[in-house]
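Quick heads-up: it's one chain on its own, the form predicted on its own, in structure tokens.
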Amino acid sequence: MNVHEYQAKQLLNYNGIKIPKGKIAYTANEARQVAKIVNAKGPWILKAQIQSGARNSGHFLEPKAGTQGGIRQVKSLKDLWKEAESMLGSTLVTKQTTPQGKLVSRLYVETYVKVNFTFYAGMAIDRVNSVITLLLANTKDDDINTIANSATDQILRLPLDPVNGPTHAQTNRAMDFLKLQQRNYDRFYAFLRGMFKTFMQNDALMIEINPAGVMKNGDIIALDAKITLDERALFRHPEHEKLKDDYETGPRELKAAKYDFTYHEFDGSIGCIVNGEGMAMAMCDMIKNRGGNIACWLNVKGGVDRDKIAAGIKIIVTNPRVEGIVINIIGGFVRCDLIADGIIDAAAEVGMNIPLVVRFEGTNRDEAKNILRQAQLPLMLAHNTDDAVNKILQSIQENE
């Protein structure tokens, strides 16, 4: 579950991380009023509150919003009202949204803070090595996306002890990597500890502070923040329910959540149904490396029945971008024959007039294949993931 920037900052601030003074606003008049509270004289930063990164470099679909992105600096209350009026109710498109973008329904009005140095700080679960990893990078010359794509050696990765968090030795190594002055040690150590406490206390999957800034007096401040919480741990955090924003969630994603599925949309043409996020990411990479692009993927997880599977397939089919579907299931907790039954039920209800490729492996694989063969549906069975990717790409190309 993603939360808005202002909510992420509140969680971080609770654990001692400094943040600029700011307040949320839903109208231009309210933005002007809270600006006086935040900083009577200005300047201010207006930030569109959509759950997406790269807001500053994004663009609005509506001409009234102008050519600037979703983060704007203003120096007068008159300009602040004007910019707020143009941004609210407009649709912001970023590198991390679909081309349809997201509607801006609220703004974060924040005091402008001048810093001497900026860096990226993140924490995420490394599922390969089963650790929480601290990630740091100097963002003076390039943003973190550029660094991650073309200069990965400029990112420091430190595995953290899940009980004790960042050590003093790791803090010193991080300071050397970022070229921070030794006089900042105590504040930097407290900053890392605050991130770790926030991560653990909230059952987070990922925290990004991008950028973090070092002020003239040596204080370290979170200028922007993003947190992803583990929805499966919400039963331990009833206070997180109020952080949910259904307006940020598309109708297909909301419907998928009702069945305990995970659904994500992109700007490609291939729909994927898998069991496991690792498989989803692998499929995305394989398809992209061979010239295709994902329109969406649905992770069906475990504990499903044929009705839920049929509902999942219908969610994929109703995405207008989808020109072909690939189903890649490695049966463990998920029985392959239930997936097959769900495919038949979905086909009977909505029809299957686009290419469909199915790959089964694991529990009841052979039974599942026989069920689909006997149903005589217009689909193709694949031997493995590689074969499934090749067949769906070829089928879509032939249909063009």
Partner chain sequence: MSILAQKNTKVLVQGITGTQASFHVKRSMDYGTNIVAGVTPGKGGMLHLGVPVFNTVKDAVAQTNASASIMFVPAHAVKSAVVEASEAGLNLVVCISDKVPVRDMLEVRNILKNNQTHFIGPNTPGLITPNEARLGIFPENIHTPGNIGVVSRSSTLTYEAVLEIRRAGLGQSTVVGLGDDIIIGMNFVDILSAFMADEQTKAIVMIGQLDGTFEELAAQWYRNCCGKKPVICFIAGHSQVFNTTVGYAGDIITHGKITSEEKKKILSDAGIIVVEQINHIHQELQKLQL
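Positions refer to the first chain, counted from 1. Only a predicted model underlies this, so the values are computations on that prediction, with no experimental measurement involved. Between two forms, the rigid core is the largest collection of C-alphas that superpose within 1.5 Å.
Not pictured, yet referred to below: the form predicted in complex with its partner chain.
The closest heavy atom approach of Gln68 to its partner chain in the model of the complex falls outside 4.5 Å. Shown alone here, Val93 lies farther than 4.5 Å from its partner chain in the model of the complex, counting heavy atoms only. Although the partner is absent here, Ser76 lies well away from its partner chain in the model of the complex, with no heavy atom inside 4.5 Å. In the model of the complex, its partner chain sits within 4.5 Å of a heavy atom of Met281.
For its partner chain in the model of the complex, the listed stretch (76 to 84, 103 to 111, 326 to 334, 311 to 319) containing residues with heavy atoms inside 4.5 Å is 326 to 334. This chain is drawn without its partner chain; in the model of the complex, the residue among Leu223, Ala190, Leu178, Ile144 with a heavy atom within 4.5 Å of it is Ile144. The contact residue chosen from Arg127, Arg183, Lys258, His168 relative to its partner chain in the model of the complex is Arg127, the criterion being a non-hydrogen atom within 4.5 angstroms. Heavy atoms of every residue among Val131, His264 and Arg290 are located within 4.5 Å of its partner chain in the model of the complex.
With the core held fixed, Ala204 shows a CA shift below 2 Å between this form and the one not shown. Relative to the superposed rigid core, the position of the CA of Glu62 differs between this form and the one not shown by less than 2 Å. Superposition on the rigid core between this form and the one not shown places the CA atom of Glu361 2 Å or more away from its counterpart.
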